[in-house]
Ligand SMILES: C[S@@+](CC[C@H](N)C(=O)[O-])C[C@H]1O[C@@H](n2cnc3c(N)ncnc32)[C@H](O)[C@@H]1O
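Shown next as structure tokens: one chain only, the form predicted on its own.
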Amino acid sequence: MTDFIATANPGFAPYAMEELRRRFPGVKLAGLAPGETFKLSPGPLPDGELIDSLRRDEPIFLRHLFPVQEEVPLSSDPEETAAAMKRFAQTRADALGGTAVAVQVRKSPDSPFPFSSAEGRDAIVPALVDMGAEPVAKDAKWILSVYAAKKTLYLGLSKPRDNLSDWPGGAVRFRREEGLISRAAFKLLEAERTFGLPLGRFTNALDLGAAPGGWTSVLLERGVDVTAVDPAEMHESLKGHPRLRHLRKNAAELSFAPGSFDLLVCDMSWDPHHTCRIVSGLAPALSAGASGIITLKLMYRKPLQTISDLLEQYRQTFEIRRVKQLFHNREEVTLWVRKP
């Protein structure tokens, strides 16, 4: 039976754990970094069944996990710790030799781990090179994972697809481009990647609650025509853009000709039930097969119940394709819907 180190967004590990308990009765869960990282023991589930199930239907709040194949008492001595990590890599020489390997090292805030993540990675690389492996940052065949908790060093080797994310801890990082209008743009970029939904394939988008234009700017860069709805001003850099129409009104006041848009995006900071009513009311403006990417603000005490209630409301108008708390979400999750 293989255990796993699992990660959620800060503060949301309890909800990730509750999802897993409901789905897999008998699993054992223990917190490591409060609110974010925990140990998952599948209990009666056969090896492989947990991962297969998670890959088929990914939970909302579980961001990343890796299998634990070795546990070592953690030392604060750099030489002793480096030696333990190298030994683990060397025991996997048959699998790693001649392949591209990513090394991902993380630690809990209270860990005496004597390295930074980058230093820990650098401590393992010589052993990989000696066995003929190619250390890489992306496009790896294998991921060698290290997690340093308060007393234990957890090590594992896995295929990227079995970790749910090929980023360390599922922390998807985008380079902050000069002139980026807002960090909210990262949410849309991550949704595009996570949902496998290339934004450039759309033609006409409706952006609700668009100001100052973070999501609008991403869509414009993809070549999409955008109708941006928000009473507030858009960013100066977007004014006069030939493919942008800005309607300075509240979304609830508007209606459009049927089938006007093949994409709706919405990142309004409103009550999620109110947002659902507005989005659903504008559904006739979407063409058949149109997609919607919507953030659901978790402003109530029971996020799982809130999400369940909202999905039931959205199902009255849309097909639910995916709901996920992305790395760039905070007190919210992101929903992908499709108009039948």
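Nothing here was measured: the structure is a model prediction, and the numbers come from that model. The numbering used is simple: start at 1 and walk along the sequence shown.
This next part talks about the form predicted together with the named molecule, which is not shown.
I'd like to know if residue 226 sits close to the named molecule in the predicted complex, meaning any non-hydrogen atom pair within 4.5 angstroms. Taking the distances in the predicted complex, the answer for residue 226 is no, it never comes within 4.5 Å of the named molecule.
Proximity of residue 160 to the named molecule in the predicted complex, heavy atoms at 4.5 Å: It does not: once the named molecule is placed as it appears in the predicted complex, residue 160 has no heavy atom within 4.5 Å of it.
Is there a heavy atom of residue 259 no more than 4.5 Å from a heavy atom of the named molecule in the predicted complex? Flag for residue 259 set to no.
Taking heavy atoms and a 4.5 Å cut-off, does residue 205 contact the named molecule in the predicted complex? No, no contact at 4.5 Å.
Taking 56, 143 and 164 together, does each of them reach the named molecule in the predicted complex with some heavy atom inside 4.5 Å? Verified in the predicted complex; spot residues all out of contact, no.
Among 81-89, 166-174, 67-75, 206-214, the region lying within 4.5 Å of the named molecule in the predicted complex by heavy atom distance: The contacting stretch here is 206-214.
Which one, 118, 137, 129, 232, lies within 4.5 Å of the named molecule in the predicted complex by heavy atoms? Of the candidates 118, 137, 129, 232, 232 is the one lying within 4.5 Å of the named molecule in the predicted complex.
Considering non-hydrogen atoms and a 4.5 Å limit, which listed residue (125, 100, 95, 184) is close to the named molecule in the predicted complex? Looking at 125, 100, 95, 184 one by one, just 184 meets the 4.5 Å heavy-atom criterion.
Partner contacts for 249-272, taking the named molecule in the predicted complex and a 4.5 Å heavy atom cut-off: Sequence-ordered list: 249, 250, 251, 267, 268, 269, 270.
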